[in-house]
Structure formats: structure tokens, C-alpha cells
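Just the one chain here, laid out as C-alpha cells, in the form predicted alone.
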């Protein structure tokens, strides 16, 4: 378990059996590396330390396993965002808390960035289903409502809330995906130290807040 791991701390993970946890972790690594189409069930079974027959006992198909992994990732990451919103009252504090939660979630599980990348390169069929207006994950819509409320109450200037969410989420994901490249410009970024994490949060908070102020 990674300290502060949003996935392993989430109730949907803690209720799993040890075998299910091993399968989930192995599948996340494989899907993040190879994508849904390129991943192999045998590789996932080997990573989990089980045989392929047992893997198919828990998940009948690769597609079912992939959907379960992506659902757990989306739910846990978005729950961390909404929890951060609920812990604070002012917009600047909420902004910093959401940045902190989402960035740390990705840094604790960098393979998730690869999962997003591969899913979108293939048209995002599963993510689109998970984020559908009715019955889908609430996190992104909660963020949109948060920005709409901040505009309505005069805390920030009028902005397109969907474009804000795209820019906000993208600023975190590209940081994790591009780390091997970015660290050539500033080697200390690759350390993932608390100092570097706070520096990234401070930078994004200043950039977003001053760009949004009314």
C-alpha cells in the first residue's frame, strides 16, 4: 500500500478480499501499461500470484475486469475531490484542497495516468458510460456545480465550468504523464518529495485563483 493512497483507503477497496486486492492492483498496473486492448489476462494473473482459472473465477472476462478497475479508480478519485470540497467553506481553501487531493491521488498511483491516456486514445467507451448524466459518477458534475456556484455568488468571474474542469483535471494528469520529460528540465521533480508536491500545488493554486478572481 502506498501511504495516502486514495484507492487503498477507499471503502470499495478495503472491503475486498486479499485475492481481490491482488487482482485489482495487478490489473491496474497492466491496464495502465498496455491499455484495455493490449493487456493480457495471463499477465494479470501472474502479477497477482494466482492462476488464470482463478482470475476468471472472479472476473469472467477482461472487459468486465477492466470496467471494474476503471469504476473503482474513478469513484475513489472523485470521492476524494468531493470530500475536499466538503471540508472547506471558502473558494480559495476549496481550490487548494481539491488540487491537493487530486494531485496526491495521481502521484500515489501514477499508473492511473496511463489508464486515462489509453482509455481516451481508444475513444473512452467505458469512461463515457461511467460519467453518463444519470446513474454515473457524481464527482465531475459536483465540480461543475461548485464553479457555477462560485460564479453565481460573485467569488470568481464568469467562466465556462466545463472548460475549467477540463483544464483543472488536465493540469494534474499531464504533470504525472510527462514527469520523465519534465524532470529533464528540473531533475528534482522526479523525486516526488513533499517539497515538490507543495510547489506544484502552490503554482496551480496561484494560477487558477488569480485567473478566476472577479
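Residue numbers count along the first chain shown, from 1. Everything numeric in this text was worked out from a predicted model, so none of it was measured.
Here the subject shifts to the form predicted in complex with the DNA, a form of this protein not shown in this document.
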Given that the DNA is left out here, which of 155, 47, 33, 52 has a heavy atom within 4.5 Å of it in the predicted bound form? 52
Using the partner position in the predicted bound form, report whether residue 42 sits within 4.5 Å of the DNA, counting heavy atoms only. yes
Is there a non-hydrogen atom of residue 19 within 4.5 angstroms of a non-hydrogen atom of the DNA in the predicted bound form? yes
Within a 4.5 Å heavy atom cut-off, is residue 182 in contact with the DNA in the predicted bound form? no
Answer for residue 175 alone: is it within 4.5 Å of the DNA in the predicted bound form, judged on heavy atom distances? no
Determine which one of 158 to 166, 61 to 69, 185 to 193, 143 to 151 lies within 4.5 Å of the DNA in the predicted bound form, judging by heavy atom distances; exactly one does. 61 to 69
